[in-house]
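First, one chain by itself in structure tokens, the form predicted alone.
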């Protein structure tokens, strides 16, 4: 029996056999569909590779870093890129490559912790606001969300960190709270969309508990846009952490952070432009990687996308 036709739709693969006159229709799993589509998106694969490299660098920083990121060699101030120092040294003789590698730890941790906080806040509130509408969802929860979103993100983060105190964890909490309204709105919108489907109405008709409907039916079918928002928000978290560190509200020196490195570079930019190029390039690559990865996930989950 040989395959003569493969349907271009993401759901069915059709096989025919002339010897028996049979037609076999086999469903393709959603995971396999996603992976097949994602594998055809070269830009998304590049983004995934960038994020994977940065993640591995963050996890293995003590093993692959050529120098201690805080070691100061006053005989090699402003050293240009060479075999000894691939990216040169800074104004205190510290190896730039080592500081970039260890700085990846801060940025990757920021992307995970801040978005995780936003998910912890936004996911349950969005589910409640979308499923239990009326006064609770429309007039209480969403009006509070509107009030939070009315503040510019940076101003809100600065105010929250000034209230909580200056530290890396408090900066992540501030960023997570600032991102949470977007998650609440996305989740609520998906709950409103999925909640009108026939299978949800059937579950309600037979008396299925609200908790089971939300966790077993609504939440899994609301994941695609949430995954895309998560990837894009990780890019925003990296930028936000670097911005707060640049203003002196994140990681305290001498801990290596890309934002702190940019802060140091602004005073010495005319002496050595490498001080600003390398941390800026690192931030650009991570943000680019998360963004194209999010675009790839969106296209791979879109049924209208055809590889």
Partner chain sequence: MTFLIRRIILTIPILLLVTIMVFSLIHLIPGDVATVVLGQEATPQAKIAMRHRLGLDQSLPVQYANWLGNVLHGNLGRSLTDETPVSAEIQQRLPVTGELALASFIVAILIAIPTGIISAVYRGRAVDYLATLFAFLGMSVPGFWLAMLMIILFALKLGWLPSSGYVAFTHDPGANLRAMVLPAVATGVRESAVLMRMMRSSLLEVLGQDYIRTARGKGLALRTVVFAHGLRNALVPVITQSGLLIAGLLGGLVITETLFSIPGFGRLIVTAIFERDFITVQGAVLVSALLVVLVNLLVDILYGVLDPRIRI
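Positions refer to the first chain, counted from 1. For clarity, every value in this text was computed on a predicted model and none was experimentally measured.
Keep in mind that the form predicted together with its partner chain is not shown, yet the notes after this line are about it.
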Worksheet item: 58, 64, 52, 247: which sits within 4.5 Å of its partner chain in the predicted bound form by any heavy atom?
Response: 247
Worksheet item: Of the residues 132, 78, 151, 86, which one places a heavy atom within 4.5 Å of its partner chain in the predicted bound form?
Response: 151
Discussion item. Residue 254 versus its partner chain, in the predicted bound form: is there a non-hydrogen atom within 4.5 Å?
Written reply: no
Item to complete: Verify the contact flag for residue 71: yes if a non-hydrogen atom of it lies within 4.5 Å of a non-hydrogen atom of its partner chain in the predicted bound form, no if not.
Response: no
Worksheet item: Going by a heavy atom distance of 4.5 Å, is residue 239 a contact of its partner chain in the predicted bound form?
Response: yes
Worksheet item: Is the gap between residue 146 and its partner chain in the predicted bound form 4.5 Å or less for some heavy atom pair?
Response: yes
Response to the item:
Within 4.5 Å of its partner chain in the predicted bound form, heavy atom basis, the matching stretch of 116-124, 157-165, 187-195, 202-210 is 157-165
Worksheet item: Going by its partner chain in the predicted bound form, which residues of 252-278 come within 4.5 Å of it through any heavy atom?
Response: 262, 265, 266, 269, 270, 273, 276, 277
